[in-house]
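Presented below, as C-alpha cells, is a lone chain in the form predicted alone.
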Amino acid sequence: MYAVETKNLTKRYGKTWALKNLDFTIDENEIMVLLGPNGSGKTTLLLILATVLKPTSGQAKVMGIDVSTQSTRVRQIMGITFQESRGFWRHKPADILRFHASVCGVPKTKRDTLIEHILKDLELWDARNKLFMHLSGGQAKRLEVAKVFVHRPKFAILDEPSSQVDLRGKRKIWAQILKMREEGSTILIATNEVREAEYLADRVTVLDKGKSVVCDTVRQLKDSIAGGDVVELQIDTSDAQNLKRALSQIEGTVKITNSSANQFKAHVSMAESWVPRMTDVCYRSKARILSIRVTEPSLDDVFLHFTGRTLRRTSDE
C-alpha cells in the first residue's frame, strides 16, 4: 500500500485546470518533494490531500483512506504546515503549541517537555512569551513548522517549510524533518527552493500545468540530462588536438571545447563515470592533469530540461 496515491485526480476552477488526471504516489516512510512554479498545481494537490478542497474528479487516498469520503479519518493521521504562518495575534508561541498539541492528542504528560525541546531546537525559546503579532517573519515561520514537529503525525504536509528563514534556521528545520522520517513519518514537501529539495528529498516529483512531468531521485533526475555535467580541465600537454580528439571519444562525452592548449571544458553525462576514464586517457597520452572542476546540473536545470521553462514564475496557483 502506498502512503499516498492519486488516480486521474482532477481539479478545475471554471475553465482552468489546476490538476489534470494526476497519477501520483508516495511510498511509506518517504520524503517526497513537489517541485514546480506557482501555477503548477502544488498547493491544490496539498489542499486536496489535506481534505481542505474536494477534487472535481478522480481519487486520492492517504494511507489507504479516501480523502473525499473519509475526510475525518484522514485528518486524524495527518498534519499540515501552511506557507503563511497561522496564529492568534495575541497568543504566545508556547501557548499556541500547547493548544495544538492538545487538539492533536499529544499526551498531557509529554506536552511541556516536547514543546520546550522543539522551541529550544528551533531557537524560539527566548521568544516563547512574545505575542504572535510581535514575532519576526522567520520566527513566525519556525513556529508554524513547530506545530508538525510537536504533533509528529503519520503523514505530514509542509508547504514551503523554510521560506523566510535564514540558513541556520533552515538547517534546524531540515534536521527535524529528517528526524521525523527516521521515526516513521511519511512527508510531502512543496518547495521551489532547490537547496531544500536536494537536501531532503528521497524522490522529487516535477509538476507542471497540473501534471506530473517526471518523478525520480535527485541523482537519477540529474543524470538523465545528457551532457548536464560540466568538467573543466587544466592539462599540461604537448598535443592538445589529439588529446581533445581522444577525450571526445570517451563514453558519455556530449561536447568538448578547449579555449587554449591547456584549458578544456567537457559537457558529459554522469561525470562520476567520465572522470576516471578521462584520467586513464590522459595517462596513456602522457598528459599531466593540473586541475579538475566538476559542476553538476541543479534542479533548476532539471526543471528546464523536462518542461522547457524555468521554475521562476509569478502567476497564482
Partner chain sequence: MSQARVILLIARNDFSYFFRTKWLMAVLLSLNLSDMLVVALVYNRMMTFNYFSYYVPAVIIMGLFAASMDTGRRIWLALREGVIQYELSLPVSTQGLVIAYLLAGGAAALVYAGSLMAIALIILPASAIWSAFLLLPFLFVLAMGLAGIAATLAAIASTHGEFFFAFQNVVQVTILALSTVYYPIEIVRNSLPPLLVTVAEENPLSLAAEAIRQYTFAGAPIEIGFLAKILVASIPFAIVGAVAYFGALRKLQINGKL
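Positions refer to the first chain, counted from 1. Keep in mind that what you see is a predicted model, and the values were worked out from it rather than measured.
Same protein, other form: the form predicted in complex with its partner chain, not shown, and the subject of what follows.
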Quiz item: Quick one: which of 164-172, 189-197, 226-234, 77-85 gets within 4.5 Å of its partner chain in the model of the complex, going by heavy atoms?
Solution: 77-85
Practice problem: Decide yes or no: are Met1, Trp17 and Arg152 jointly within 4.5 Å of its partner chain in the model of the complex, with each residue judged by its heavy atoms? | Solution: no
Exercise. Could you spot which one of Ile26, Ala50, Ala60, Ala271 gets a heavy atom to within 4.5 Å of its partner chain in the model of the complex?
Key: Ala50
Exercise. State the residue from Thr72, Thr109, Asn129, Gln241 whose non-hydrogen atoms include one within 4.5 Å of its partner chain in the model of the complex.
Key: Thr72
Quiz item: Given that the partner is absent here, does Arg90 sit within 4.5 Å of its partner chain in the model of the complex, heavy atoms only?
Solution: yes
Quiz item: Does its partner chain get within 4.5 angstroms of any non-hydrogen atom of Lys222 in the model of the complex?
Solution: no
Quiz item: Would Lys255 count as touching its partner chain in the model of the complex under a 4.5 Å heavy atom rule?
Solution: no
Quiz item: Looking in the model of the complex, any heavy atom of Thr113 within 4.5 Å of its partner chain?
Solution: no
Practice problem: Quick one: name the residues from 1-23 with any non-hydrogen atom within 4.5 angstroms of its partner chain in the model of the complex. | Solution: Lys11, Tyr13
